[in-house]
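Just one chain follows, in the form predicted on its own, and it is written as structure tokens.
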């Protein structure tokens, strides 16, 4: 597309009142960030970091996917009036690469022999084949997508 056409498209979008929103890469927790569910410091467990990024660019950090989703399913609360609609994205640490990835790109394995900082954990894994391999290697038969996750499916503490 020629440069002139790109400029014209941008002007039309701006004049029409369209808003452009770009998701920022999540930052990592610092040594003072605590999980709002259990109160643990998050930074000592980089292989389990989970974060919610809000549309106002604020972030909350969790010591694992289980606590993040406990928080998520409880919104809003008397202590936190934020809603799910205010969330820009949810990021979880992929088990194999230890990279933060959008939760929608990951499979969540429940009921494995791998424990997180708070015991039984949802283990995020990128890719269906990797999820099947993890489940087979670690004794789990529960592979979930983000859309399939419900409060009842969260691991017990």
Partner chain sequence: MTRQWKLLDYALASLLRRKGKNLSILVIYTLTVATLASVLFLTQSLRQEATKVLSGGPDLVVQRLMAGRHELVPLNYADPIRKLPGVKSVQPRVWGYYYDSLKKVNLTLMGLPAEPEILVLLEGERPSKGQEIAVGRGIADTYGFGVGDSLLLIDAAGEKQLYRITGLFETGSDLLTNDLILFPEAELRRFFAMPTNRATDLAVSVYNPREVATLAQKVRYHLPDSRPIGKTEILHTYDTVFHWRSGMLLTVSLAALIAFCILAWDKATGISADERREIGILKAVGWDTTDVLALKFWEGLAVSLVAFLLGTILAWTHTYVFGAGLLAPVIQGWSVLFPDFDLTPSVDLYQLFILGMLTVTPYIACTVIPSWKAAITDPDSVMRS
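Nothing here was measured: the structure is a model prediction, and the numbers come from that model. Residue numbers count along the first chain shown, from 1.
One more form of this protein should be noted, the form predicted together with its partner chain, which is absent from this view; the next part is about it.
- A single residue from the set 105, 128, 89, 47 has any heavy atom within 4.5 angstroms of its partner chain in the predicted bound form; that residue is 47.
- None of 66-74, 30-38, 112-120, 50-58 except one has non-hydrogen atoms within 4.5 angstroms of its partner chain in the predicted bound form; the exception is 112-120.
- Using a 4.5 angstroms limit between non-hydrogen atoms, residue 142 is distant from its partner chain in the predicted bound form.
- Contact check for residue 43: no non-hydrogen atom falls within 4.5 Å of its partner chain in the predicted bound form.
- In the predicted bound form, its partner chain lies within 4.5 Å of some heavy atom of residue 133.
- Of all the residues from 79-97, those having a non-hydrogen atom no more than 4.5 Å from its partner chain in the predicted bound form are 95, 96, 97.
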